[in-house]
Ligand code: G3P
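Shown next as structure tokens: one chain only, the form predicted on its own.
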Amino acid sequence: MRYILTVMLVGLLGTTGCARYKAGVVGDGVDVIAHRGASDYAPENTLAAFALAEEVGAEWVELDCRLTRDEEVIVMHDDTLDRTTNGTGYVREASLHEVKQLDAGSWFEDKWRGERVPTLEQALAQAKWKIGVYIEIKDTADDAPLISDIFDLANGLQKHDDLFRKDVMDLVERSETRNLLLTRKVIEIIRKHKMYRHVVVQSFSPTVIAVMAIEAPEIRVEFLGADDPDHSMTWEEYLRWGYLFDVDGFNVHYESLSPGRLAAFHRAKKSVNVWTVNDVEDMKTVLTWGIDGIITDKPAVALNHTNTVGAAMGIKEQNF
């Protein structure tokens, strides 16, 4: 699963060209995925952070998306505006116009004052042909009863089939979960920009994973999870759901992964990314296991420890 920085490399040679994408190739090197952009160096989930991730040589940027009151898809991790803007209140209660007036940069450092909250469309337009995009669709609803019903429906089933898919979508539609609306909006935007090969969709939400698998099979989907009692699913349920909907990859918290678990995923031909790894020693450990991607706030540091173009160019953290 490698986004090859052809534009960057060809630019160094003084010629022109197009970028190519290869998502999900197990064993084809380790991709560096800039978590919320180069978020250790610039305000997270802003166009500036995404541009910097591209500049340092990351293969992918990762971003989060949510819906505003008027059902526009914006790039924002938290469910409130308070931490990363000068606004307050829930994202779902603000209009796009209100969000676009906010300063999303000065909280991080004064030099970033004036950075705005981008829409998903703006982020994709900036990234196209330059860098791959991991879109995390945030879990925006309590779908526990829905998930339980789907598990009951799947009793004895190893993998989704046509009848199961129809029954699942009937349950999802009847639940009126906001996760369905957000997922469909994201699919619509990806298709509008014709970026099927430029993006990977990931989520902690089982509902999002199911809808993506059923309604957008042309888009790569990877399931976020952890072996952690604070997560809504047990490890066994996480595996069951991921294999049931035949996800392309399992993206696991690095403390929940082991060489044995990684080998099992790879035997099933599933890619594995680890999140969110910022400590150098932790990076070195997981890299020795043969992971496929590393999600990090420090892409320049991670690049120094992988066989990517960034490492070959000798990019170091102190440059930023």
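Residue numbers here begin at 1 and follow the sequence given. Keep in mind that this is a model prediction, so the values were computed, not measured.
Another form exists, predicted in complex with the named molecule; not displayed. Remarks below refer to it.
Shown alone here, Ser205 lies farther than 4.5 Å from the named molecule in the predicted complex, counting heavy atoms only. Remark: Asp40 does not count among the residues lining the named molecule in the predicted complex, judged by a heavy atom distance of 4.5 Å or less.
A residue is said to contact a partner when one of its heavy atoms sits within 4.5 Å of a partner heavy atom; Glu62 meets this definition for the named molecule in the predicted complex. Taking the partner from the other structure, the named molecule in the predicted complex has no heavy atom within 4.5 Å of any heavy atom of Glu222. Heavy atoms within 4.5 Å of the named molecule in the predicted complex map, among the stretches 46 to 54, 283 to 291, 262 to 270, 29 to 37, onto 29 to 37 alone.
Checking Arg116, Lys138, His198, Arg178 for any heavy atom within 4.5 Å of the named molecule in the predicted complex turns up a single hit: Lys138. Within 4.5 angstroms of the named molecule in the predicted complex, the stretch 261 to 287 places a non-hydrogen atom from each of Trp275, Thr276, taken in sequence order.
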